[in-house]
Every structure is written in structure tokens, then in C-alpha cells.
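Just the one chain here, the form predicted alone, laid out as C-alpha cells.
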Amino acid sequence: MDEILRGGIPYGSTVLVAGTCGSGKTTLGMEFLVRGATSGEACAHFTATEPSVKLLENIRQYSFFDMKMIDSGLINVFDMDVLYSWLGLEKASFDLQDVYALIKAIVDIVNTIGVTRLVIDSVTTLCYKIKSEQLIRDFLFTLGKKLATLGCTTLLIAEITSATENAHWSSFGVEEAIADGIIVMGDVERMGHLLRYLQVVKMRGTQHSRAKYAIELTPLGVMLTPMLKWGALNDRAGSWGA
């Protein structure tokens, strides 16, 4: 990723990681935190799609992850449902006051712990509770601005149904305009198999590659390999190479 981005994600950026089901979004996000924790950075993961216990159980299969990082407080995992309950936000949808209470709670946690790397998985699940498109925009813009002020680099995991060129790179159509960067993760079919890929569509402050890279989720972490372009003829449509 550092090579693709010509040095890495700029400090304090808010990056949208948009991907289809099973494309490796959560693994990428967790490895982002692990690499920071390995360097002694304080990291946090807010999980909205599954309980933290299940998240940690699934991620333990990777040798790059060490539970000692959780025990020592280098990586802090928070359940959004618990945060909602703590804030008294146990309702189907959030209004303006609720949204700003949620922003304050997240920012306070980041500030108190001194978090420099944050993952919210997924922002899509969180935004389903915010019924207004304008309110979603305000939420993401304000949260990103406050986190950047604290020097926190943030990955917002987003769920999309398709990663084709003509599709939105977000569920609500507003996330991509606000984010400093967009990383798209999806699948392509090759000889009857689904091959994961990653593509950096946008990253402010970098001269990044926009090529597609094949992803392999290995015990050591997310491995990326350059992919060849499609052949010009339809009968060459199975000619993905690496």
C-alpha cells in the first residue's frame, strides 16, 4: 500500500474503504491498526456490524494479529451498540442532536486515548440510522474535520453492492465527496473463480497509482499483486494476469 500511495496515507486523512461483501475490508482495516500498534501508536476500532468478541475471534486466525495489542491497550475495540446505549441513543433513527452527541463521544474517546489510527466498520451501518442525506453529509464532514484536528488518520469502511466503474463508491452517494481518499475493494471473475482486487481511486496529497491490484488474504496480512489489463477482444476476457 505504501508503494501504491507513493509513501502511505497522509497523516490525519479520512479515507473511505468501499467494498463488496467478503472483499477483505475488515482485514485491511485491522492490519492498518496492527501496523500502527506495532510502531507504538494508540489505535481504535469501532465495530457496528458485528460484536467485538466475534470480530476478534475471526481476526485471530491471522498471524500478524496479536491479542497482546488488545490487552496492552494499543488497539482499543468498541461496540457501537454499547456506545449507543451509553448515550441513550437506543432508537431507530438519529436527529441532529443525536448525531452531534455521537460525534462528541467518538472524538472524546480519540482525544482521551490519544488515538492516531481509527477504523469505523462500517460507516454504512451507522449511517442507516441517519435518515437525512444532508445530515449524513454533516456527520461525516464534522467528524472527519475534528479527527483530523486531533491528528487521527481514519478509515471509514463502507459496504457497496457493486464496485463497477459506473457504480457509486458509497451507499448514500455523499461519503465519497467528503473523504480525502477512496479505496475500492471488489471481485472479478477469472476462470470460474472470484478474485479479490483493490484500487485506489482517490488520495489527496499523493501521486498514487490508480491500477487494480489482486488481493490475497494470507496469515501474514493483505498481499497485493499488480493485475494486467483486460485484453481488447471478448474472447480474451479470461486473461487476467499477475
Ligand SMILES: Nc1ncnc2c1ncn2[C@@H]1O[C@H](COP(=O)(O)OP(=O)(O)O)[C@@H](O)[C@H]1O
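What you are looking at is a predicted structure, and each value in this text was computed from that prediction instead of being measured. The numbering used is simple: start at 1 and walk along the sequence shown.
Just so it is clear, the following notes concern the form predicted in complex with the named molecule, a form of the same protein that is not shown.
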| property | result |
| --- | --- |
| In the model of the complex, Phe46 touching the named molecule (heavy atom, 4.5 Å) | no |
| In the model of the complex, Phe32 touching the named molecule (heavy atom, 4.5 Å) | no |
| Heavy atom of Thr14 within 4.5 Å of the named molecule in the model of the complex | no |
| Any non-hydrogen atom of Thr206 within 4.5 angstroms of the named molecule in the model of the complex | no |
| Contact test, all of Pro10, Tyr213 and Leu224, partner the named molecule in the model of the complex, heavy atom 4.5 Å | no |
| Interface segment, criterion being heavy atoms within 4.5 Å of the named molecule in the model of the complex, picked from 198 to 206, 54 to 62, 32 to 40, 176 to 184 | 54 to 62 |
| In the model of the complex: members of 1 to 32 within 4.5 Å of the named molecule, any heavy atom | Thr20, Cys21, Gly22, Ser23, Gly24, Lys25, Thr26, Thr27 |
